[in-house]
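As a starting point, one isolated chain is supplied in structure tokens, in the form predicted alone.
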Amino acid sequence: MSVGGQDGHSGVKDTPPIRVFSGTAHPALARAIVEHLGMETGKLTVRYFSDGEIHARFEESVRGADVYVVQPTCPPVDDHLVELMVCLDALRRASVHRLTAVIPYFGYARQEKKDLPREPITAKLVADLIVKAGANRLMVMDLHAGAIQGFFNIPVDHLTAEHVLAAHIAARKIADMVVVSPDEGRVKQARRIAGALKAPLAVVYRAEPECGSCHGLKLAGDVMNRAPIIVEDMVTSGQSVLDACDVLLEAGCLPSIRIVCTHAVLAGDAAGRLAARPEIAEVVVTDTVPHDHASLGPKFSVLSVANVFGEAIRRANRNLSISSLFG
């Protein structure tokens, strides 16, 4: 695939050459992205010194190039975040044409507002640090809070894995399914997936403490004798989806629950806790966060979003529409 010069199909001339580099957080995803682009990852050496300091050196010229650094800020979040900023600073000083931070999973996204006095808004702090380090553009996927886009004063391409997840569920040909939002915050995302699957929507929500319901949660919608599809943007401890499972079972759903989420952070023993529940038939996740797929167990299905990022990079380089990817 031509990634620079004149492209007879797109009509775009003199686009700067693409260079894609991978930090240490998820090199497998970066390799899959550049495979979609028909190229190779750039040469980058990252070293961690004995005291924990990070050093990065780019081993090829990037002058005048359209450069993309692939680095999800997944655990260990702080190490991967500082590594990203070190890489951005090095590239900024190397006279690139444009510098895009590709962050499939954006850490600190749950700290996007103040819930109590004297708390930080850490997602805004992280946004400021990324811009200060040199990023001209940002690519992310399924932010925990869409408002985080407004924390940046640079263009943000907010990609989504919803169509990838919905296509996987549709291929399962599940009878009598119902799409479930496990809390009020996921309703919009769940509604879009329900629309794609032509399935009804139900919502688990937190009730008043005196209601006496399971875990203080209640259910809006009919799940009786239906197969639930729980939609989450990320699963960290897994507790919220396990609580939702209890509510759904109490309401008479079929003991064949599927969980779909973009970011499988899966801290601690979360994967084991999900796999141990007999009513959970499948957990569908994407590869925005690296995992040893075999160690997750047979209940987990891992879908790749590399082609989504690869196509978004190609279109950004040629100044073509990215939102039309999800039309």
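Don't overthink the numbering: it's just position in the shown sequence, from 1. Just so it is clear, the model here is predicted, and its values are computed rather than measured.
Another form exists, predicted in complex with another copy of the chain; not displayed. Remarks below refer to it.
Next item on the list: Please pick, from Ile121, Val164, Ala170, Leu249, the one residue with any non-hydrogen atom lying within 4.5 angstroms of another copy of the chain in the predicted complex.
Entry: Selected residue: Ile121.
Next item on the list: Could you check which residue among Ala56, Leu29, Leu274, Leu37 gets a heavy atom within 4.5 Å of another copy of the chain in the predicted complex?
Entry: Exactly one residue meets the criterion: Ala56.
Notebook entry, point to check: Even though another copy of the chain is not shown here, does Ala294 get within 4.5 Å of it in the predicted complex, heavy atoms only?
Noted result: Ala294 lies outside the contact set for another copy of the chain.
Item checked: Any non-hydrogen atom of Val289 within 4.5 angstroms of another copy of the chain in the predicted complex -> No, Val289 sits far enough from another copy of the chain in the predicted complex that none of its heavy atoms falls within 4.5 Å.
Check: Quick one: does Asp79 come within 4.5 Å of another copy of the chain in the predicted complex, counting heavy atoms only?
Finding: Yes, Asp79 lies within 4.5 Å of another copy of the chain in the predicted complex.
Check: Taking the shortest heavy atom distance, is Asp142 within 4.5 Å of another copy of the chain in the predicted complex?
Finding: No.
Margin query: When another copy of the chain is placed as it is in the predicted complex, are Thr24, Arg258 and Gly310 each within 4.5 Å of it, taking any non-hydrogen atom of the residue?
Written below: Looking in the predicted complex, the three residues Thr24, Arg258 and Gly310 all stay beyond 4.5 Å of another copy of the chain (heavy atoms).
Notebook entry, point to check: Going by heavy atoms, what in 288-305 lies within 4.5 angstroms of another copy of the chain in the predicted complex?
Noted result: Counting only heavy atoms within 4.5 Å of another copy of the chain in the predicted complex, no residue of 288-305 makes contact.
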